[in-house]
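Presented as structure tokens, the chain that follows is alone, the form predicted on its own.
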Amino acid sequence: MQIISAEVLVSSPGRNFVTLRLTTDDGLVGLGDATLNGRELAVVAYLTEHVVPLLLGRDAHRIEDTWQYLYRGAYWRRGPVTMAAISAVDTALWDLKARAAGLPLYQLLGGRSRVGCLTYGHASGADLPELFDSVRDHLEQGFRAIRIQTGIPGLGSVYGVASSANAAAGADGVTSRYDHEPARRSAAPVEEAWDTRAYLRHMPGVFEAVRNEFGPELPLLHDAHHRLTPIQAAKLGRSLEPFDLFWLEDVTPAENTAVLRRVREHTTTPLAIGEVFNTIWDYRELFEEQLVDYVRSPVTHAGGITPLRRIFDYASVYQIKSGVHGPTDISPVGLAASLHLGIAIPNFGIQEYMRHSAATDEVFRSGVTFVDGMLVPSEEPGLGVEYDDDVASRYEYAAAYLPVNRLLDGSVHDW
């Protein structure tokens, strides 16, 4: 089964996506997600100029060998651009192998370990009444776990809040009050102001109000988005302990994993991290010292299905579970890959889920279903996702950037 064609496809049905399509000499087609939010064209160039020429004529069945060839065979390793490109190749090869076998991909990963993958949705609001409306809307949609993000008094726009001034509009030009895609189409990133002390004062009251309104059973999550120092993160984790969070995510900048020791020693609130990690080496210290509870890396950015399965197996030794990143900057191809892996591994925890736009679902026809708060992968051979070139051609790439964060004195801050 030789690869005879490797195409890098760029489309923007509401937001930008990069897709790798591999075709074999027996007519099979495999897809991989190479989207890197705000840096999409860097991955396009890496794939087109440096990876595609190496794939033509290769045996598509040799998934592990191809992964090692692209990762270990290159002098320059790791990094988000490199790993997104390798991810796309690895995922497309798994798609091809499963299609050749006539089986849904999860069957090649060991079969089902569960009936579906529990998801959490994104509830947000500028104030408590709006937040409560968003929570109710997600519960009505069927979600059984909810991420809570809210406006901060004195700050005009806050990441994760759909009604914020800087929230990006959807594919139809309308900003939903319930969903939020922070990559805004513009010539340069928008800038948001940030006040950590105001945030730390405000959040315990938010979670107290949510618990009083929705009760003790609903799993609640929160994303700090790397904005805190270790001692600030420890303070937040401890202040939220009475409200029994499912997890507190990305409390400090991920580059210095050792600082999580300080957070861990001061709070029992479960910690999730890793959506910006892209190799198993990023996790070694965190796993061996049991400094985190959930792994956030997605298939799309961690080098593909092959290495992410290794990361999860490593995590399972320390009773650490998966919590895969899955907002709309992961295409339906990447989401499907995460679900096939998630339904098979023994240490699945939860899957992030934001609904894609109608335009995205037209370009990527996916067999994934949402039932009783869980996502279930397709039973079609492979990933169960097809790419529609005709529809994709209507949506050309448009520059879009994640925001830049500044403190009130104008200093650039972590985001």
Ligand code: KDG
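All values derive from a computational prediction rather than experimental measurement. Residue numbers run from 1 along the displayed sequence.
Although not depicted, the form predicted together with this ligand is the subject of the following passage.
For the candidate set F243, Y294, Y159, Y199, a heavy atom within 4.5 Å of this ligand in the predicted bound form is found for exactly one residue, namely Y159. A heavy atom within 4.5 Å of this ligand in the predicted bound form is found for one listed residue only; from R184, R227, R99, H122, this is H122. Interface membership of R264, defined by any non-hydrogen atom within 4.5 Å of this ligand in the predicted bound form, is ruled out. Proximity of P327 to this ligand in the predicted bound form falls within the 4.5 Å heavy atom cutoff. Contact check for S378: no non-hydrogen atom falls within 4.5 Å of this ligand in the predicted bound form. Among residues of the shown chain, R147 is one whose heavy atoms approach this ligand to within 4.5 Å in the predicted bound form. Contact check for D33, D95 and E386: none of the three has a heavy atom within 4.5 Å of this ligand in the predicted bound form.
Shown alone, this chain has one stretch from 80-88, 277-285, 127-135, 218-226 that lies within 4.5 Å of this ligand in the predicted bound form by heavy atoms: 218-226. Along 247-261, one residue reaches a heavy atom to within 4.5 Å of this ligand in the predicted bound form: E249.
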